[in-house]
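One chain comes next, on its own, written as structure tokens: the form predicted on its own.
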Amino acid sequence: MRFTSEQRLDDGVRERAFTLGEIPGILWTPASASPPAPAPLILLGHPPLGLDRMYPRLAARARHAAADGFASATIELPGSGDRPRLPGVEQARAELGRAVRAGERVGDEIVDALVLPLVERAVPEWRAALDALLALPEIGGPVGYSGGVISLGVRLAVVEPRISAAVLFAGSFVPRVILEEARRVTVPLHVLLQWDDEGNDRQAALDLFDAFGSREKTLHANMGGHTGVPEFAAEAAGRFLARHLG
């Protein structure tokens, strides 16, 4: 991991851009984080729209987390930003759009082609980033995951034992193989679902929640579209992570 820039935000949060090989990322740490008192870490998931576009929302989430004493980090997803595009994903995205506009059922093959290449590439990168982040003296466990793509979060919760709890955003299509993997998730979960999300298969999200093997799991459903998560719902998700990571 190589840090490429650093700034102090107006609330004292330290923001550092980094690269991990060819992967860009951002680390936010509260002013209280230090080697004698390392901060717990939240991995901030996000849709594959590019870090530049997602930065305002990610930074806002990181600052809320820092106010509770948590460090936060994120990385550029495969196929996003200036990273090479994933083969077949653009075609799958076009086929998805055509099916949605026509009011047709989105086939499993389209969902697989759209989501699985991202999951297969991104999960090992997230784990490598976690290795590097936990090697920093001011960062410690436990570790949480918060955000989407929900399939990525599911796979990470299955294969990464250092994740102690997760907040998952239900707002994307879920391959059947991920639905099966969800039965192996055992960490505490808090799932956010926007009931009127036009780009989300609501029933698939409910089926996924039902499949999770976690003994502690909460579904927080709210009226509204994809980006309309109410403030009280976001605060409840923050309290959930604070309870399990604090």
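Residues carry their position along the shown sequence, with the first being 1. Source: prediction; values computed, not measured.
Below: the form predicted in complex with another copy of the chain, not depicted.
Heavy atoms within 4.5 Å of another copy of the chain in the predicted complex map, among the stretches 38 to 46, 215 to 223, 179 to 187, 54 to 62, onto 215 to 223 alone. Under a 4.5 angstroms non-hydrogen atom cutoff, another copy of the chain in the predicted complex has Leu206 among its neighbouring residues. Although the partner is absent from this view, Asp210 contacts another copy of the chain in the predicted complex, with a non-hydrogen atom inside 4.5 angstroms.
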